[in-house]
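In structure tokens, one chain follows: the form predicted on its own.
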Amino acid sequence: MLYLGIIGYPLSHSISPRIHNAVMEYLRIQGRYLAFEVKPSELKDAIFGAKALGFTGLNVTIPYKEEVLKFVKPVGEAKLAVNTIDLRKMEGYNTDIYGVEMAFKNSKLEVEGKIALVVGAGGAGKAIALALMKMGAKVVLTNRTESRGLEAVRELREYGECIFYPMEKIGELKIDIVANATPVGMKGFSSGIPVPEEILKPGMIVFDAVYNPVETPLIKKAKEIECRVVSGLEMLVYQAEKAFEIWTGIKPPVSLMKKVALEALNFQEK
């Protein structure tokens, strides 16, 4: 049996179990992917407990993508943040970066040479910033807590051009891309949009890492203003594809994963 799971707190928004269980069923793999809502004080016990129970791997989501670095060996760019753990080797990977790259690649929108504002300095923010930098964008990162934003920028500068800008001053910026890496707008979290509405301009590219709901308040507003949008659902599906490949050595069917994800989200919205 192949045992996989996801850890985070809270986890009511996650559709990862639906996606991975559908893939295992399609591929006729005997296994189960489970969601575990883990309190901060129990994170270490949860990881090592899953290993002891014979789990092959775990996904990691809010708020633990950086915290788990205390317990696993990061592979490559995962030293910024980990969203996938191979428990057999106690190695951490960052498949979010791949997820963002694929989301933009599929959108056919040009990123190279553009100035991107990334909102949020957590694990998702660093992954999105790095993906955009790899695609040739110049990244400006902002965060509600300035010290955390400055630390994230310090880490990201190892990979390319990135600066910090205070949240209250982002209206001064001339930007081409806005990328939300905060939980604002996510089901079960705070509603609204993570940036002042006036910074959104027609033709601008807007990406939201939030995928539940499919049309977040930010994406809805961006469409009204005639921005070009990139869905967080694409990031979710492609990071899941890469994670599954790490755990099993098998490249799963992305079309099936997208179909199941959309069905799960549409069911939740009813």
Ligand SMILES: NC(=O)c1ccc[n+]([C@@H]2O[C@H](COP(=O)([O-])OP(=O)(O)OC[C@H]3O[C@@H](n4cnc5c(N)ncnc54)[C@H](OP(=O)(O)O)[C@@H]3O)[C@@H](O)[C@H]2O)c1
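Just count from 1 along the sequence shown to find any residue number. All values reported here derive from a predicted model rather than from experimental measurement.
The form predicted in complex with the ligand is left out here; the points below concern that form.
> In the predicted complex, does each of 183, 232 and 235 have a heavy atom within 4.5 Å of the ligand?
All of them do, each having a heavy atom within 4.5 Å of the partner.
> Heavy atoms, 4.5 Å, the ligand in the predicted complex: which of 154 to 162, 106 to 114, 196 to 204, 140 to 148 makes the cut? Say which one.
One stretch meets the cut-off, namely 140 to 148.
> Could you tell me if residue 63 has a non-hydrogen atom within 4.5 Å of the ligand in the predicted complex?
Residue 63: yes, in contact with the ligand in the predicted complex.
> Check whether residue 218 has any heavy atom within 4.5 Å of a heavy atom of the ligand in the predicted complex, and answer yes or no.
Contact with the ligand, no.
> Residue 55 versus the ligand, in the predicted complex: is there a non-hydrogen atom within 4.5 Å?
Result no; residue 55 lies far from the ligand in the predicted complex.
> Just checking whether residue 222 would be counted as a contact of the ligand in the predicted complex - the rule being heavy atoms within 4.5 angstroms.
Looking in the predicted complex, residue contacts with the ligand do not include residue 222, since no heavy atom lies within 4.5 Å.
> Go through 105 to 123 residue by residue and record those having a heavy atom within 4.5 Å of the ligand in the predicted complex; state none if no residue qualifies.
Residues within 4.5 Å: 120, 121, 122, 123.
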